[in-house]
Structure formats: structure tokens, C-alpha cells
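Below you'll find only one chain, the form predicted alone, shown as C-alpha cells.
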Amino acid sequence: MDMVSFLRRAIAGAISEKFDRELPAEKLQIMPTRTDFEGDFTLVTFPLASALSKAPPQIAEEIGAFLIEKYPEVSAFNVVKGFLNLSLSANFWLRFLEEVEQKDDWGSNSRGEGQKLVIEYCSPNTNKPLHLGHLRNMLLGASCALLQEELGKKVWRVQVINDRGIAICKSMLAWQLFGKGETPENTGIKGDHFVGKWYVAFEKQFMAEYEAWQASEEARAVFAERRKKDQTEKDFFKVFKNEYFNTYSQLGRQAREMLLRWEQGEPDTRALWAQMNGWVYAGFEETFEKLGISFDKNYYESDTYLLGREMVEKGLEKGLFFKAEDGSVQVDLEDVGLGTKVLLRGDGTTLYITQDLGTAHLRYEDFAMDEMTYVVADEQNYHFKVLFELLKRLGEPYADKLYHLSYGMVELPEGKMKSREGTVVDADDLIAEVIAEARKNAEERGGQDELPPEQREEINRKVGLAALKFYLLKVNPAKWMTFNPAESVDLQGQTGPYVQYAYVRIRGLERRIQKEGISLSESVNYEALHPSERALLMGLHQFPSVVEQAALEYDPSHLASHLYQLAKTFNKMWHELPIFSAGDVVARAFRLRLARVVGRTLHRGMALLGIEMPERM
């Protein structure tokens, strides 16, 4: 029952009859009444003053009186300046509650039916394990995919695994030079962590080599020749590191030679690459399984890095691109404020943008999608503006329905993480930490002692993961954020466990209903709605529109915030009103029905955030 649509139609009819004016119902401004005023919905009458030639308070009084007289669904009204606050009857809310009870798909709609969407997220590198930044990416992507499906869309979840390049060769080379036959199996180290260890080892060896080189005659000569005016040795060598790697470093030379052998298909190098990537993939899958993350298709950079060359060459033939003096193919995007972009180097080699062009086209061949969304951090904003503009100019059929879900970095209270220095917080370690925090809180709180150990641990797993997921999703994606593991499991804050606790309370009520065989049919006679009951009904009514807003804006934080408020409102009713112990059997039946629907809504909403709900805590 869409109450806003009902009120719009009723008010438009009132305006027609009382003021002899026809105004579009959809233009009327109706919103939930502020909590400090009495009412359920509020009509803003100020925009009507000019058309109806009356003062807003008078318009509000006349419309309110008309609705009370003609519509039994409207039980009362009050006017505050130009705001008409309307209260709906208990009977109206009871019919709404009954409708929600009968809808298994409460919150979904069909506005996206027939549309096909590809959403890319995660897309890790195979030189290191998944970390905290990947967690925000994956959880955003997974939740947005679920939300898009609530609009009726067909959604495919994909990722590009960056499995080639110089960074991958660094891990390979370090293991080859220093590994001494170690493997994930004989060390007991998870595969992606094992390979990441050698990436960090390479960087440490490289920095030691670099620091030793800085004391050499060659380094002093380079410094004397290349330094800028008044530039210190420390500042010079800080920015010279990449050039050193490419020109002077022995380790850098070995890594580049390994990359060349890989590109030439040299069997031993390819075998080493396949072996180490295999270790990483096994580790990734273990983490995905912990998080409930899955993909419909994986794309691999080793398969896709040459894609797009043909598209660029065709664009060159059509005059969309141009060849520069150095032989590179470029595109002039000055007219859209994006400067000039290289698409193929002078030696014919490709870049990330070339690869992404080809991968986008390949996905269209795979899925014939209407839309494509990329979940990638905001440091790549320019890249995706260029990519989308190029796909438009190339005439790709999905080019007008591309979206970059640009999200801010996530840090820990200790500060920014750095992969090369080994200061990144691994996803697995963080998952283990939040589960440990949940376990610690449960032990301090008590209440699980009678449960078997495996059941307690399953509850702790659900609570810990809810803490992690909710904390990362409750913040608008565009904002940078700090993740605090201890704060995330707080049962009193805006957290996943807080929402879970409200749900667990409701499940306890439901178990008593079943155990005692209580009938809820008396609730049809309930008339005196308490403000906290009305607030809960309003929260339920808003749920579908919040889900839709979260989906359309690719922002699960709207849903997380709403679920927290719904849980908070339920807890308020729990403390303000007797529910199971209500002396009035009619009130008890209504509150139990209301609680049950709130529980189903919390469960459904949290599932859209990728969060499981425990039966006990």
C-alpha cells in the first residue's frame, strides 16, 4: 500500500473540489512528519499558495477538514504554519501491516525489469593478499549487485584479476632467489599471504640495494648531474627510486628480464608464474568464501592485456584518434576537459586504458548487457572518465549506461597502509580480529554458556562479519573512512551487531508465540496506536523507497542507516511498551505481529548488505 500515492490522489481531489483547480498529484510535496510533531505524513502547502490564491495555513485547514470528512483513512490533522500534518487511522495501518505480511519480496520493485547489468568489483593483484581496501570494494560491489537485483535487473558479477606485469615478477623473482623451496604447503602459510611475503621481501632487498648504491661513485655522479637547484641528496634519491629501478638496479634488471621471458612465453617462467598464481587463487577463494562473495566470471589480465589494440587501430582509421611524432596513438579529449591520452605506445605496446577498452567490448560479447558498473577507488576517477568517453566515441552500444562507483580509501586508526612496506592489514587478519572481538564481547556479556561450542562459534562468526560489513557499508562510498575493529562490534552504537540484537529479541518473541500457540487474530480490533508503534509502521513503509534509493544511487549506506533506525525504534518500543506481557490481548497481538514484520524486514535488509542474522546472541 503506497500511502504517499494515496494521499497525493486524495489531496489532489480535495484541491479540485474545494478550490476548483486541477493540480498534478505527483507534484504535491508529501513527506514523513517530523518526530517532534503529531502526525504520520506532512503536506507542504507553501508551493500551492500562488495557484490557489490563499495563505498556506488556510489551504492546509481546508484540505485537512475535507480529508477528515471524506476519507476514513485519515483520522486527524493539525496545521503548523503552512504544514498540514496528517494522522492515518489504525485500520489503515493494520491493512498496511497485513499487506507486508503477505509479501515475501517486501522492498523489491520491477522498475529495472528486462535490464541487464554487469558489475565489476574486487579485481585484485596476484602479488599480495586481499586487504582492508579490497574489503570495502568487495562489500560495496556485492551489496550493490543485490540492490540492483531488487529493482528486477539481471546482474552478472565479474572481476579482472591483475595476474601479470612487473609487480607479479617481483614476487616470482624474490621466491626464486630467496625461497629455498618453501611452499604454502610446507610452511602452513595461506597461498596469497605466502606470495605477498615474497613481494615484500623483494622490496626490502631492493631498498637495501638502493641504499647501498647511493654511497657509490656512480650515484654521486648522477646526483651531481641531475639534481635540481638546492635539492638535498635525501630529497633527490627519494624521487629517483623508480629511475634507479629501471636503469641501474640489478634486481630491477632481473625482474624486467623475467617479464620479457613471460611475454615471450618461455616455458619455465610461465610454469613458475602459473604455480605462484595458483597459490594466490586458492587463498583468494578461501577469503571470498568467508565473506560470502562470488563471481559469475573472472577475467584475467594475462588474457585481456592485448585486447583493445584492434579497437584503437579502428578508431585511428576513422579519424577518432591520431598518431603522434613518436609513433604512439593518442586521442584529443581537450573538448571534454580530459586533455590528451596515449592509447598505444610508440612501440605498439598497450596500456591499461587499451586493455579496459577491449575488456568492455568482450563483456558485451559475453553478456550483451545494457549497463556496466565499475567499483574502483577514487584515485582512478580520471581513468574512468577517459574510458567512458572513448567507448562513447567508438559507438559501443552500452556506452551511455556506464557508471564508476568511486569510493574513498579506508584506513585504520594507525593511519594509511602501504603494500610495499608490508603494513597493509590483510583481509583475513581483519576478519579474524572482528570475530575475536565478537567472541570476547559474548564472553563478557554471558548468555551463551548453555549453547554447544560450535553453535557459539557460529554466532560469533555471524556477529563479527556483521560488524565488519555494516561498519564499512554504513558510510557513504564517496567518503574516506577509518575502520575501528573494536568500535564495530559495539552493541550500543550504529553497528551491525546492534541491528542483529534487535532481530534476536524479535526471534525470541516468535519462538514464544510458537511454543505457547498464541493467536494473533485479535489484532484486527486494535485502534489506539502508540507513537512508537506508529514510528515502526512508518519505518516499515519507508523500507521499499530506501532500498530503491540505495540501488539507484549505488549507496548501501542509505539502507544501513535505515535498518539501524528501524532497530533503534523497535528497541524504543521494547522499553516503552509491554509486548508479550501486555495485559490487553488485542494490544499484545498487534505488537507481536508488528514485531514479527519488523524482524522479517531487518533480516531482508541486512541480507541486501550481505549480512547473516543469528537466532541468538
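Sequential numbering from 1, following the sequence displayed. Only the largest set of C-alpha atoms that superpose within 1.5 Å between the two forms is called the rigid core. Given the structure is predicted, the values throughout are model-derived calculations rather than measurements.
There is another form of the same protein, the form predicted together with the RNA; it is not shown, and what comes next is about it.
Enquirer: Please identify, from 327 to 335, 366 to 374, 146 to 154, 247 to 255, the stretch that has a heavy atom within 4.5 Å of the RNA in the model of the complex.
Expert: In short, 327 to 335.
Enquirer: What is the one choice in Phe206, Tyr498, Tyr305, Tyr199 with a heavy atom within 4.5 Å of the RNA in the model of the complex?
Expert: By the 4.5 Å criterion, the partner-contacting residue is Tyr498.
Enquirer: Ok, Leu394, Ala90, Ala219, Val342: which has a heavy atom sitting within 4.5 Å of the RNA in the model of the complex?
Expert: The residue from Leu394, Ala90, Ala219, Val342 that makes the contact is Val342.
Enquirer: Looking in the model of the complex, is the RNA within 4.5 angstroms of a heavy atom from every one of Lys27, Lys318 and Gln542?
Expert: Looking in the model of the complex, the three residues Lys27, Lys318 and Gln542 all stay beyond 4.5 Å of the RNA (heavy atoms).
Enquirer: So, His530 and the RNA: in the model of the complex, are they within 4.5 Å at any heavy atom pair?
Expert: Judged by the heavy-atom cut-off of 4.5 Å, His530 is well away from the RNA in the model of the complex.
Enquirer: For Asn186, is any heavy atom within 4.5 Å of the RNA in the model of the complex, or not?
Expert: Flag for Asn186 set to no.
Enquirer: Heavy atoms within 4.5 Å of the RNA in the model of the complex: does Tyr382 have any?
Expert: Flag for Tyr382 set to yes.
Enquirer: Since only the chain is shown here, I'm wondering whether Lys54 would be in contact with the RNA in the model of the complex (any heavy atom pair within 4.5 Å).
Expert: Taking the distances in the model of the complex, the answer for Lys54 is no, it never comes within 4.5 Å of the RNA.
Enquirer: With the partner left out here, which residues of 39 to 57 have a non-hydrogen atom within 4.5 Å of the RNA in the model of the complex?
Expert: Going through 39 to 57 in order - heavy atoms within 4.5 Å of the RNA in the model of the complex - the hits are Thr42, Val44, Phe46, Pro47.
Enquirer: Classify Asn186 as shifted (yes) or not shifted (no) between the shown form and the other one, where shifted means its C-alpha moves by 2 Å or more with the rigid core superposed.
Expert: False for Asn186: its C-alpha shift is below 2 Å.
Enquirer: Against the shown form, C-alpha atoms of Phe570 and Val489 in the model of the complex: closer or farther, for a change of 3 Å or more?
Expert: Farther apart, which means the C-alphas of Phe570 and Val489 are at least 3 Å more distant in the model of the complex.
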